[in-house]
Every structure is written in C-alpha cells, then in structure tokens.
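Below you'll find only one chain, the form predicted on its own, shown as structure tokens.
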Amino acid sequence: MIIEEISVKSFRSHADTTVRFSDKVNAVCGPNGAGKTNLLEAIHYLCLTKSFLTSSDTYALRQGDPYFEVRGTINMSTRSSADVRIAYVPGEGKSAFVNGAPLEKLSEIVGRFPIVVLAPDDHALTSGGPEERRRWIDNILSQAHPLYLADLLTYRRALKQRNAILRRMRGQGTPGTRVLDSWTDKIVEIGSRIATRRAHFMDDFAPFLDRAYGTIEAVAERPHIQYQTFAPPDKRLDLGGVTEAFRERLERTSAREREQGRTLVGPHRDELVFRLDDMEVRRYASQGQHRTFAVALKVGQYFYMTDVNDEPPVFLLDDVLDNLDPSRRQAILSLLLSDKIGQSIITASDERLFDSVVDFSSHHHSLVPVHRAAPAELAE
C-alpha cells in the first residue's frame, strides 16, 4: 500500500496543505512547530479515522475554523486505488468516504488501509500502565482481523451497561439480578473470544518480535511477551476453556463487584508483561533497553501485519531518529531502505540525519520540507 498524496484543510497548523509522497522513504523535515507531526496525524485519520495523539477530534481542528478535512489517494498492491476523505464538523461528528461513497460506520475503514506508527510516546508501551499495552494489541488485531474489532466494540458497550447495573445495585442487595445476568452472559461470550484471539496472537507474534529485535539490536537477549488474563495458560487457546474460566472467575468475584460497582474480571483488565530473557522490562530495563524494545514492538507489528494482510502497511515514524544512538539510527534507516519495509514517512527536525544513507535523488525517496507558518497565517 502506498499513500500517493494527502491534502489537509483546517487541520492543526495547516490551513491548506497538499503533499505528494514517493514509494519508499519520505523524510518530512522542518523546525519544531512547523506541522510535521500534524501530517502524520492526518495520515492516521485517513487510515483509522482518528488521531494517534489525542482522543478528541476537536483538538485537531484549526482554531477558529468551522471544520477540518483530510483527503488522500492510496494505491493498493492490487494496482487499484482509493480516494479517501475524512471530514469533521463540531456538533455533527466525523464522516468517512471511500471513492465518494459514504461509510455507514467509521469502523468499516479499519483494516482496509493498514498503518503502523512509531512515536516518542511509545515509551509508555514498556514503562506505562497496562492500558497502553492493551491499546497496542487491540490496534494490531483490529486492523488484522475485522471480527476482532466488532467484538471489541460490542464488549465495550456491554461492559459499560454491566457496570452501570452494578453501580445501581451497590448496597441494595440483589435487585436487578436478572438484568445483570443477561449482561454477564454477553461479556462472557464476547470477552472469551477476545481473550482467545489475544492468546493466539501471542503465539503468532513471537517469531516476528524475535526477528524485529534482531534487526535493530545486535545482542543475544531474547524478547518475550507474557500474557496475563483470567484463564489459566493451559486453557487460553481453547474458546470453551476460556469461557468456562471467565464465568467461574466472575462468580467468585460477584460479591466484590457489587461492593465496588464495577466488573473486576475480563479482557479489559488483561496485562502484557514484556521481558528480555528473564528480566521484566518495565521494572528493570535501562532507558536504552526500553527504547529498543518499543521500537522492536512496532517493527514486529509491521512484519506481522504484512504477513497476515494482503496489503503491507505504511510505516509512520514520528521524530524517532533524534532519540536513537547512531548505531540504532543506522539500523532503522537501513531497515526502511530494505525490501522488508514498503513505504515509510518519517519526521525529523534536521535533514542531515539522512545524509549518506538515503539518496533523495532517487524517485523512490522524497525529502518533504515543511516550513513554519508566518504569524499572519497563524492568526487567520
């Protein structure tokens, strides 16, 4: 998959910007505050209808403007192309169009235009709370398996309903038990499928993580992900066993759930523990090991999604070169230039970081300068 062109209007710092990209390495360079990251964010909207920086669309709207619009031309490996448009109007929400046809649900676009993002905030993957790691695995599986995304959205809605009932029941004994039971059945059914799919992913992803880590770090340490969920390890790959374990755990925690007014068991509480050999990364890894592991997770994600999808993803890298030492920087750029990676779009404040590595005279690579808007433009 290749993003050929993107146009943004009233998006962040961009009043009206159009950029064309080459099919391999695209270096988006300019000073801080010029809007380099905003272009990557707009591409993320194009492929997933949301930002990788914030959960609120309002923040992406250029101050004082009535709406924003992102358009792009995407060429697929099947030699077909798609014109994609995402528009947001405050008070009305977002709309998505593919080749001029509106999508009934925004989620319909997820997985059609696969994308992987490596950004400075990815340090939270290895050092932050479990919700960061759940978000990472959900992003991968939602793009790779459309049924997973449907289950995830259904589970979140059912969980919200069940928690609302538990809050109403708090301190009131057993009124509403029949309604609670119906939502319990729902989260057990859907949540068991989510946990089983995550467990299968852990097995499937292991060789891709090994390969990615070896690509960027010449050490003998072996990366590993330990999946912690409500089902015991010997049952996690069997849907029936996971379903049974989920229901049993809910029964054991039912009294505490009513006391606390929330669901205490389920895939919404899963944890992924990252390890290098026997060392837990979050607790004991050095800053360099944290950084390398996070990069390996995203490179492994790229390899995995290329393997399971008909389309290789576009790889977005936001301001990562400055945070890497020269040897790892060289490893990343060499990887992007290799046939293992398709199109990449990478931001940097200094184009000299690409000197003697990327040949921008080739039509396969592009240097995309981004300039800070003049004060008069910002004030409009």
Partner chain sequence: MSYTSESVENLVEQLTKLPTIGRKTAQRLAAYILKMSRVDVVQIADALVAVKDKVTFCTICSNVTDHDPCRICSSPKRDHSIVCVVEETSDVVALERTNEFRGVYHVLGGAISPLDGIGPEDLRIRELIERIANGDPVAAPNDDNGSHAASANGTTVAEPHSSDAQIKEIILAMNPNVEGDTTSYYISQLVKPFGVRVTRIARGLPIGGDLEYADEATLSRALEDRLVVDTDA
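Everything numeric here is computed off the predicted structure, so don't read it as measured data. Residue numbers count along the first chain shown, from 1.
Not on display, but discussed next: the form predicted in complex with the partner chain.
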- So which of Gln161, Asn75, Thr253, Ser95 reaches within 4.5 angstroms of the partner chain in the model of the complex, heavy atom to heavy atom? Gln161
- Task: Work out which of Asp121, Glu271, Glu248, Asp181 lies within 4.5 Å of the partner chain in the model of the complex, going by heavy atoms.
- Result: Asp181
- Query: Though only this chain appears here, would Asn139 touch the partner chain in the model of the complex if you measure heavy atom gaps against 4.5 Å?
  - Reply: no
- Is there any non-hydrogen atom of Leu147 lying within 4.5 Å of the partner chain in the model of the complex? yes
- Do Ile115 and the partner chain come within 4.5 Å of each other in the model of the complex, heavy atoms counted? no
- Message: At 4.5 Å between heavy atoms, is Gln289 in contact with the partner chain in the model of the complex?
- Response: no
- Non-hydrogen atom within 4.5 Å of the partner chain in the model of the complex for each of Arg20, Leu46 and Ser56: no
- Message: Please identify, from 300-308, 139-147, 124-132, 209-217, the stretch that has a heavy atom within 4.5 Å of the partner chain in the model of the complex.
- Response: 139-147
- Item | Residues of stretch 98-125 in contact with the partner chain in the model of the complex (4.5 Å, non-hydrogen atom) | Lys105
